[in-house]
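Next up: the same protein chain in two forms, each one alone, written as structure tokens (structure 1, then structure 2).
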Structure 1
Amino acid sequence: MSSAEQRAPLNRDAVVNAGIRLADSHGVDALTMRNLADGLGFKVMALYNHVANKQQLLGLMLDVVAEEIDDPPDDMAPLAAIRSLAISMRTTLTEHPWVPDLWLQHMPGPARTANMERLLRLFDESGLSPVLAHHGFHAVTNHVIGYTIQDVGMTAMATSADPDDPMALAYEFLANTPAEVYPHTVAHLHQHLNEDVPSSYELVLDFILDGLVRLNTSTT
């Protein structure tokens, strides 16, 4: 209020955290260098004293999010721990809807590298053959990213038209998709609108893990 008000100097963590909060609350499109600086009470160019460029900023933001992923307890059996880790990742990624899309488009920082290392170690300890462990890592990573992107993308589609009615676009799509031509699509969409189908996230995760174990024991 008063001009005597002292302002704390900016630092990298403040910039990165403000970036995360901005992307969480207003979407990644609103994450503009100018917007971000405004929210912090500085001018745009001040940001470049603490961050090389926007690309680096996004990388740093992603790594902070990676730190939020809950690790499974050390004494948990490998396959159970993999399952637990996959569920934690989904939880964290869903809390930051802008993340899944960017996750694979940036080089991993330390936290994400540690996350990869943990998942790979669990697969190494799982008793699967090396090649199945390799495939398992990709299959699970894939499942986590794919499902969260699909979830986030669907809610984004649903909310982009009219923020007041999250299902507006779905209804608009239905209006343009005659049931006579696309009966299964219309039926499928109605199942979503009625919300009477729970997520198959864990179900399909288990298909993958069970498939790996089954194939492993049948070939050894």
Structure 2
Amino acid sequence: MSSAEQRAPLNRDAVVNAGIRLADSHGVDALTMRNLADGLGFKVMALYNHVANKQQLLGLMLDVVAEEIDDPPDDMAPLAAIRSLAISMRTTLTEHPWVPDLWLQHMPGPARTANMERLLRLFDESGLSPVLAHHGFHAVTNHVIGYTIQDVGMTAMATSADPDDPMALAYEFLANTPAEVYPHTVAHLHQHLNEDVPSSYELVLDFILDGLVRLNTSTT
């Protein structure tokens, strides 16, 4: 049997899932229609029977990633469910480092729209005023995207500088930053290097949610 005969049939799901695997393994810059077609064992033109262009492909890929975000339990209180959803969303985006930068560059598909609807519904059910619920939705989603972009960017920068030692760049910066001139910066770096403090992602998420509740209490 020839290699052509052994290939799985090509369809939209196969193209999109292969695109995700390629972007996860080699970065989104490596995702070209030619590279994707080569990996699937098809001619480039065969892909265009299933996706119109690379932009559409990226939008479809983002929507498949959105399907990986875990739903909070149905019996969870709204604010706790929002917290759970925000944590799951960040975990999912971190597993696909190419996603955060593209998240706001493409219109949401069905899965991303369902995720938005779920979060908006939880805010609507949270007991917050409509105005605070509106601001809360944006504060939480901006925190997820912004924090993850920073996290992914710093990891990529460190890894590209020295793939064998991601911390090498931090030590190099520290070695060239005199403590007598920048004492607070040096102390802060040591906290990171010594892992004296946990990630601030959940801490800041709690600040946002607790602050919304306090504001709501003070205005009702």
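Think of the rigid core as the biggest set of C-alphas that the two forms share within 1.5 Å after superposition. Counting starts at 1 and follows the sequence of structure 1. Here the structure is a predicted model, which means the values were calculated and not measured.
Here, the chain labelled structure 1 is taken from the form predicted in complex with another copy of the chain. The two forms, fitted on the rigid core, differ between the two structures by 2 Å or more at the CA of residue 197.
When two forms of a protein are overlaid on their rigid core, residues whose CA moves 2 Å or more are considered shifted, and residue 52 is not one of them between the two structures.
With the core held fixed between the two structures, residue 69 has its Cα displaced by under 2 Å. Once the two forms are overlaid on the core, residue 187 shows a Cα shift of 4.7 Å between the two structures.
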